[in-house]
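The chain below stands alone and is given in structure tokens; this is the form predicted alone.
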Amino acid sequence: MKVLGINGSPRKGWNTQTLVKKALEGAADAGAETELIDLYAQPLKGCLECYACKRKGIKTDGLCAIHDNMRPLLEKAREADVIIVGSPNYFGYPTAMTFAFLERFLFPITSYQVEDGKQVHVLGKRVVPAGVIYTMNADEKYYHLGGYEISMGRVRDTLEYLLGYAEQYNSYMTLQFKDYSVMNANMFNGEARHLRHETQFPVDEQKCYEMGKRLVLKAHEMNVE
């Protein structure tokens, strides 16, 4: 059982990477082999819309046909039994690198073929449970009323449609700066944010740990013939 964790944040050691690591800890404790990929470690390109993955006579087996520095990551994602994607909220969407990964990973497994009235599934009957972890400055109320619930939920919904199962966890009002006093950010109470980080973030870590464990169990459960 292989679990691939994707950190779509440019900030190593901060909220998003920490929560993805916690999810991988849970997966490891459920008996899985885990790996963490930091997307910002090297520049990535999104889908070039070449349609090679849809062309007759070209067999890509659900992999992007472009052979660049992203190929090893896409091969790992294609073979993973569970995928966990983490990203900060950038104006209601994942980061650009997260989108680049999702485009290159998901479009080749999106089938345009129909047989007996049903869309052909490139993955066959294999279900790849996916977890989406978002960190954000917004509070829970704004997430639901400000439109984020719709825009950010689309990644989870797409993963569920293409991979068979997906769930999402949101970490709200995360700590953005070590020292708020040196930033032009007086709309936030830095002391309150630090206190929240000390009290709420461990809860978020535990929830993500449980998600990782649960996704491995789901992979076992949903792929039993």
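Computed from a predicted structure; not experimentally measured. One rule holds for the numbers: they count along the sequence shown, beginning at 1.
What comes next is about the form predicted together with a small molecule, which does not appear here.
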Although the small molecule is absent from this view, report whether P88 comes within 4.5 Å of it in the predicted complex, heavy atoms only.
-> yes
Taking 4.5 angstroms as the cut-off for heavy atoms, does T34 touch the small molecule in the predicted complex?
-> no
Does any heavy atom of T110 come within 4.5 Å of a heavy atom of the small molecule in the predicted complex?
-> no
4.5 Å heavy atom contact, N137 to the small molecule in the predicted complex = yes
Please name which of the stretches 153 to 161, 168 to 176, 54 to 62, 34 to 42 has residues with heavy atoms lying within 4.5 Å of the small molecule in the predicted complex.
-> 168 to 176
